[in-house]
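The form predicted alone is given below as one chain in structure tokens.
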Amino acid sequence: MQYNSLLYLLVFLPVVLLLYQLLPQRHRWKILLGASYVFFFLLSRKLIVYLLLSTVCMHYIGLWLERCDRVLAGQKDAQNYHALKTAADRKRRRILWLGILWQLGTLLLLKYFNFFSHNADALLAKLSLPAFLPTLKMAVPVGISFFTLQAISYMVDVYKKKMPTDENLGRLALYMAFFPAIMEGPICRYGETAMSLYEGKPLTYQNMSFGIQRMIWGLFKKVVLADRLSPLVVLIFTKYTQYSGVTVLLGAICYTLQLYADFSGCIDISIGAAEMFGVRLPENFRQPFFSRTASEFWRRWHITLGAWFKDYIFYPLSLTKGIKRLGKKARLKFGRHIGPVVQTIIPLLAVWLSNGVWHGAGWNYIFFGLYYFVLILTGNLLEPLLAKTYTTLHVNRNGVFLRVVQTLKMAVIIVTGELFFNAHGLKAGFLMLRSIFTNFSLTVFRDGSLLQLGLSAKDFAVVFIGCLIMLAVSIIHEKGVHIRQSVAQWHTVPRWCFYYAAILLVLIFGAYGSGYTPVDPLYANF
């Protein structure tokens, strides 16, 4: 049962909404929790045990940390209070690391053990040593990469006393398992959603209407655009050696569009479904293709993942004594700009290695993370030189021409990154990239072979028009206009005509039914 399936849209979600509204407010969270576990069970069956274990671990680590605080609070008048506090802090750190290692250990075992095993055995074979690591047959539950990060964020925030320990296991379980976000996120923090999920707000007309509108927009991106592009993308990336460079380039561009439409579309469906219950999930995209730099792109793309890495990896590493000493020495040697950049190298590398590994067990994912690490680090180092150059040449950094050039530059960078991201291995990624420059031919547009890639002329027309619609909506949002609020102020007749037109657009042009293979949400695999 996927977010775009009829079973979810016409049966599961309406039934949950009905039961939720019928129950007294104090019991509504139980419906959400039960529905979330049913949804997860339908996706992963017995693998639900990993979600349960992760939740219980997070809960008891929080209680353990709180107990340490209570014991220390009872010793405030002791003569050796400072020594007791030092010992308590050391114990709290060990407790936190125990919880983190449990969460990360489960994730690494399920998703990455075979990857490390294969590469270790390959290295041993080159050294003429016998292989000894086994290959394990393990199924991976849907959403484990997402709910693992949520569990870690809760434990770290409790450890840092940013919020009190929640003794309510049911509330924590709902925070971890909430069905609209369990498959692909967005990655939520406890303080953002836990209380509103547990509160059981009544359904309102505005929340229902706004939620449905957001879901329709998500379905448009997912069903009309992403799923329609899937056959072409799969064919080109699977049989790239049979096609010219321009066809490979077309595949990379189409995959970039597919990934954005699929992932952001599913996030829209998730946010819309949560909004019906009065729950505000964090936004995960903000017109990423209008970015002018790699750093800006990752502030607009998969926002909650980037924010998680920044708060729980980058900043903690930046504040360690060793990194601070490195920064101080670098400032004395290289100056006030280069010095701080040098200080960020190790935390930045840790973030982007983690980003690559988080997405999947493959060298192409690690390369993808390092690719953006190099781009962002280079941009930071060159910033003074660029600023001086623009000033000397009297170039307006906010001028239209420069913005367009930088946006087009970023489009090339993004498409190149996604080519490696979706390639069947790092070697395949480099071969595909090389073919773009060494086997570039425009005959695909003249000999009719373009229509042999899984899409008909009508499909290409629908994709083109759909992309124009998506671009127009992005421009409107970039200008700060809230479309749903604007439409809500229209008179009744034009407003409902707009709603019905949007629904018909998805129903008529959606890639489903006979001739189409259902496509699972792409980020559910990560």
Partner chain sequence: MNQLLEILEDINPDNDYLAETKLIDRGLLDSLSLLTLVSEMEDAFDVEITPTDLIPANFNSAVAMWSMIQRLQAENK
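Since the structure is predicted, the reported quantities are computational estimates derived from the model, not experimental observations. Positions refer to the first chain, counted from 1.
Omitted from view is the form predicted together with the partner chain, to which the following refers.
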For the three residues 315, 319 and 336, verify that every one has a non-hydrogen atom within 4.5 Å of the partner chain in the model of the complex; reply yes or no. yes
Go through 431 to 439, 113 to 121, 157 to 165, 406 to 414 and give me the stretch that gets within 4.5 Å of the partner chain in the model of the complex, heavy atoms only. 157 to 165
At the 4.5 Å heavy atom threshold, is residue 126 in contact with the partner chain in the model of the complex? no
Does any heavy atom of residue 340 come within 4.5 Å of a heavy atom of the partner chain in the model of the complex? yes
Please determine whether residue 293 contacts the partner chain in the model of the complex, using a 4.5 Å cut-off between heavy atoms. no
Indicate whether the partner chain has at least one heavy atom within 4.5 Å of a heavy atom of residue 82 in the model of the complex. yes
The one option of 230, 344, 213, 364 with any heavy atom within 4.5 Å of the partner chain in the model of the complex is 344
Candidate from 91, 286, 324, 201 lying within 4.5 Å of the partner chain in the model of the complex - any heavy atom: 324
